[in-house]
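A single chain comes next, written as structure tokens; it is the form predicted alone.
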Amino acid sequence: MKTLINPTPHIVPRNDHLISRKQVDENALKVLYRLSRQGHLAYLVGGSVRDLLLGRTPKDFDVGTDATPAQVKTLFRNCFLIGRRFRLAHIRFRGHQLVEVATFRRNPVRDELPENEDDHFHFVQNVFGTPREDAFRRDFTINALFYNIADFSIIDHVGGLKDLEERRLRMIGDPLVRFEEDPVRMLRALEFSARLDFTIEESIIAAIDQRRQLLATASSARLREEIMELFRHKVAGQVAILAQRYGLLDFLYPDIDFLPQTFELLSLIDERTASGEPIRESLALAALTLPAFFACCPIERSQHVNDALVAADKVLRPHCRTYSIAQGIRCEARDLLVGCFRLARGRGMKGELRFLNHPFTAKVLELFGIWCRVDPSHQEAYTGWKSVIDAADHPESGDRPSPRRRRRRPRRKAAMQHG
């Protein structure tokens, strides 16, 4: 299905939609009002409009305007311009809050593109445009809706409101071309489908089938951030299943052996995040590799921690190398894997006391408890360890050992000075 191109936008007046200014972040409203009072167009753009119309709470509120970055900077003393090829305005408020303001853009015409055609799809430049042109350069129709602070109306250039109503994910333009421009859009299609419970339009699925190899050429830094977004949005497990269905899993996790247990474990990690627990990259990394780790280092054939260290490095290093993950994060993930090995092999082993007193042990126990829901054969070991660790964390006053008094060393007599 091609994007419906209407000669004029569909405008929904204030009385015909459910968005209220009370739902908009107060700092974003300050930015919108000041731009509007100075005679500029000021729109709430992107995912915030989509989420408000769906009754969801937006993660952030981005602003689109016809003011240039330099003009925005003159209006806000707390404004900082970022970016080389296309300048963005970041307006910072107290409490580390930030509102991003972008000037409306358009796709460059032929004369503005590089001479080398191979660079066309990676070309980004300060090409300012109209709100309509800006809407058509976005990825999905549901992400191209505008909220106009001047009259509180919703502006739809691409049929996004109809797609929201029908809970359908549709690309703006030809998906084959849009995926060549940015292969990460294939992953974003799966993410939005999982997050919003939307049906993916057939033309997108067909284009993914033809263009999925391009995901291997995408920036590893961007893919790494997108993977963490999946965990933050509690859809890592769902997207992994969709990625396997559409042939993207091997390009997304080329160095991880995905077992059936991996999908289940990721879904349980998503449940943990949905309960309000923050997700760290080391925990996400450990969850991605834990089933492969136990397959590589089964308890039945190994009882030594050195075997677990070797196995942990084997499953972690290739992925960390591909995505340039820092050594500190990799070491935390390794400690989680090796800690789960210690718990799985049972009590009474060398180094148990030191392990019980380690501050990281509580995090290991939490991950191991989630793993036991995938593999109940370790449930008895988990229950035993949990009682001991809980007792160590909350000892009864009568059971606390008396602190050892250290013997004072006799002071050395000061050496006599000889003249």
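Quick caveat: nothing in here was measured; it's all calculated off a predicted structure. One rule holds for the numbers: they count along the sequence shown, beginning at 1.
Just so you know, the form predicted in complex with a small molecule exists too; it's not on screen, but the next bit is about it.
The small molecule in the model of the complex comes within 4.5 Å of no heavy atom belonging to residue 238. Taking the partner from elsewhere, residue 64 is found to have every heavy atom lying beyond 4.5 Å of the small molecule in the model of the complex. Contact check for residue 182: a non-hydrogen atom falls within 4.5 Å of the small molecule in the model of the complex. Although the partner is absent here, residue 201 sits far enough away that none of its heavy atoms falls within 4.5 Å of the small molecule in the model of the complex. With the small molecule omitted here, the record of contacts in the model of the complex names 132-140 of 132-140, 330-338, 250-258, 209-217, defined by a heavy atom within 4.5 Å.
Candidate site formed by 47, 188 and 222: every one of these residues places a non-hydrogen atom within 4.5 angstroms of the small molecule in the model of the complex. The single contact residue among 352, 366, 375, 60, judged by any heavy atom lying within 4.5 Å of the small molecule in the model of the complex, is 60. Contact annotation: of the candidates 231, 192, 104, 294, the single residue with a non-hydrogen atom within 4.5 angstroms of the small molecule in the model of the complex is 192.
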